[in-house]
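One chain follows as C-alpha cells, the form predicted alone.
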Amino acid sequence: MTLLRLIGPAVIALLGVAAGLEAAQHEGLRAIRERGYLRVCADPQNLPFSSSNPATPGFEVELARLVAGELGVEARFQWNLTYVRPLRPLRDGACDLFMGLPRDERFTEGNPWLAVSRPYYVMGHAIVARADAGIATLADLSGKRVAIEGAGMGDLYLNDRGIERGIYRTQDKAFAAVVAGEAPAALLWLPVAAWLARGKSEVKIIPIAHQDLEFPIGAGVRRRDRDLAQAVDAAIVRLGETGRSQEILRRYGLIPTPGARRRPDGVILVQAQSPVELGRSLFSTACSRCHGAEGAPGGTGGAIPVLRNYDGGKEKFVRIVQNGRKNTAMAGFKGILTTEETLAIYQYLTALGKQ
C-alpha cells in the first residue's frame, strides 16, 4: 500500500491544491524569462515528432527551440511518453509548453484548462504506394487492399467509403507491409509517411488534401497563462513570416519543396528523397554541428576533419560513423543512424566538390 493511499483522498486533494499554488508561482511568461528557460513537454521516443537524441531531435523539438528563442530564453525538455497521460505534466505545472496539439474545439472542450496556439502547420494524411502500383489519388485505392493503422482517422475514412483495409497495429507496420509487397498502398499520417520513406525509392508519398483527413496543429499552454499564450502566438507568426518554421517542416517532408510537381486536381506528388538528398538532410541534423555546413570548414581551429574531402572509402566511413573513434569527440551513431542512412551521408559528402 502506497503512502498516498494511506493518507487518504481528502489530504491528497489538499496537497494537490498546495502543489498547484506553488506551481502557479513559477508559471507564466514573467517567471519563464526570470529563470531563463521554457520547459517543454515532449516524448523522448516519437520520431519524426520528437526525440531525446540530439542527433535526431524531431521537428517538434526543433520548432520548440525556435519558439523559446523568440521568447528570449532557451528550451529545456521534460521527457514524458505520450501514451502515459501525455497532458498531465503540462496541466500540473511540470512544463510550460506542449507542441503538436490539434486546434479543434472538441479537443479544448474536453480539456477546458488548455489553450492551443494558432497553428504552425496542418497535419494531413498521405498515401504510401509502391512505385509500380499505378496509384496517384484516393480514388485509385478503390478495389485495393489498403494497409492502415486500426481505429485511426484513415481507418474510419476508408471504412466509410467501402474500401478494403488491411489492419495493422501501428503505422510503422502498415508502411512495412507496402515495402514488403503485402499491400499496394497504405494511408498514413503525412509526417510518419515522409519519415519512414526516407531513401526508399520503391515507394512514393502522395500527400492528400482532404478536410476529413487533416486538422491544424498548434502548441498547448495552460489557459491561465494568458501572457505566455499571447507570446507563443506572436512567436509562431514571426517564425512563419521569416520562413524559419517552414524550413524545418520542409526538411522533414511536411510541406513540399519548391518546384514539387502539382497535379491538375491539386494533389502534390512527392517522391521519396534520393540518397544524396537524404544524406544532406541527415548531415544537417546529425553532423553539421561539429563538422560545419556542407562538411566544411572542419570545426573549430581545423581540429575536426573536413568531411567533404573524405576519401577513405564507404566501408571505413560506415565503420567510423557507426562505432565512433576512440580518444576523440567522435561518438558512435550505431542505433541512431542506420547503415542505409550512413551510406546516404557518404553519398552526399562524396557528391560535394573537395576543398
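So that there is no doubt, residue numbering starts at 1 and follows the sequence shown. Basically, rigid core = biggest C-alpha set you can superpose within 1.5 Å across the two forms. In this text the structure is predicted, and so the values were computed from the model without any measurement.
FYI, the form predicted in complex with a small molecule isn't displayed, but the following is about it.
- Heavy atoms of no residue among L141, Y168 and L187 are located within 4.5 Å of the small molecule in the predicted bound form.
- In the predicted bound form, the small molecule lies within 4.5 Å of some heavy atom of C287.
- For the chain shown alone, A329 is a contact residue for the small molecule in the predicted bound form, at least one non-hydrogen atom being within 4.5 angstroms.
- In the predicted bound form, at least one heavy atom of H291 sits within 4.5 Å of the small molecule.
- Residue contact check for L337: one or more of its heavy atoms lie within 4.5 Å of the small molecule in the predicted bound form.
- The partner is absent here, but in the predicted bound form a heavy atom of V321, alone among V61, V321, V67, L38, sits within 4.5 Å of the small molecule.
- In summary, among the residues I163, A209, A136, V179, the only one with a non-hydrogen atom within 4.5 Å of the small molecule in the predicted bound form is A209.
- With a cut-off of 2 Å and the rigid core superposed, F317 has a Cα displacement that reaches or exceeds the cut-off between the shown form and the other one.
- Between this form and the other one, the CA-CA gap for L343 and A129 widens by 3 Å or more, being larger in the predicted bound form.
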